[in-house]
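One chain comes next, on its own, written out as structure tokens in the form predicted on its own.
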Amino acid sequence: MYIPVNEVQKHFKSETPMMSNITHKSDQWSPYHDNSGTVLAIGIPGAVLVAGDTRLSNGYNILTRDATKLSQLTDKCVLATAGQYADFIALRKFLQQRLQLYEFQNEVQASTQTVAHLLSRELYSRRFFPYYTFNLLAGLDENNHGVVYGYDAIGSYDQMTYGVQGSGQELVVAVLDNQLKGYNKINKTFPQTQQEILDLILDCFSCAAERDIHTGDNVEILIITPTGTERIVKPLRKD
């Protein structure tokens, strides 16, 4: 049986895609930008040390070399955030307003545990359009011992003695596990004093700056004790 060629082509006809229907990747828009960086916190009896680098980048571009990633919320509590800097500013503003209202109503500053719960509730309330932030909350507990809370994007959190967030997390956490937990460590000696912990933090950020292009310029360190807060800034590599 003979079938005309034109009849065959009707069954295999395909439309040529119009250029207006093609969406290029460069045309797509996202509300999120990872400005990256690394933050770290270590709690010890009588103090907590919180650190973050000051480089703010977007891809391969450095936007500024002097942007703090730390925010002191109360006399005994600090928020350390990596990720999108605009979301960090919005989250910091919300927490400061709520804590100011809490202090006005109760005539006392919120405890670190209260701030940790407040941060968790706020992150969870935004779970359908979350803050693009990677948070650590560090402070002193009711016994004036250092405590660290680590969060995921939607508010789940855990209490720990040390934590790392940001682009240099994978580079730093292995060093802390070895030095503070003793995993695969032959000589089981651990840093005990505040100065030894400070030296460890500087070594961690120096290591991260060697391999992570989003971490560098300076490291800002806040040392919180029952008597007050001390701020230290040390240089890192600039390239």
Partner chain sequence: MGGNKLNNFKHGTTTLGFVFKEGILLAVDSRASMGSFLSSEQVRKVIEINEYLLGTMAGGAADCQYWLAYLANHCRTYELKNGSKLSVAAASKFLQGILIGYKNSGLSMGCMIAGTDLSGQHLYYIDNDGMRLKGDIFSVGSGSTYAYGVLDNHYRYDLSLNEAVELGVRAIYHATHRDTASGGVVRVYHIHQNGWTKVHDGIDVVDLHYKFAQQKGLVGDGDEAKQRLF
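Residue numbers count along the first chain shown, from 1. Source: prediction; values computed, not measured.
The next section is about a form of this same protein that is not shown, the form predicted in complex with the partner chain.
For the options Leu198, Ile62, Val173, Cys207, the one in contact with the partner chain in the model of the complex, meaning a heavy atom within 4.5 Å, is Val173.
Residue-level contacts in the model of the complex: of Gln113, Gln169, Gln72, Asn144, one residue has a heavy atom within 4.5 Å of the partner chain, and it is Gln169. In the model of the complex, Tyr131 approaches the partner chain with a heavy atom inside 4.5 Å.
By the criterion of a heavy atom within 4.5 Å, Ile154 is counted among the residues contacting the partner chain in the model of the complex. When the partner chain is considered in the model of the complex, Asp34 lines it closely, a heavy atom lying within 4.5 Å.
Residues placing heavy atoms within 4.5 Å of the partner chain in the model of the complex fall in a single listed stretch, namely 181-189, out of 198-206, 62-70, 181-189, 44-52.
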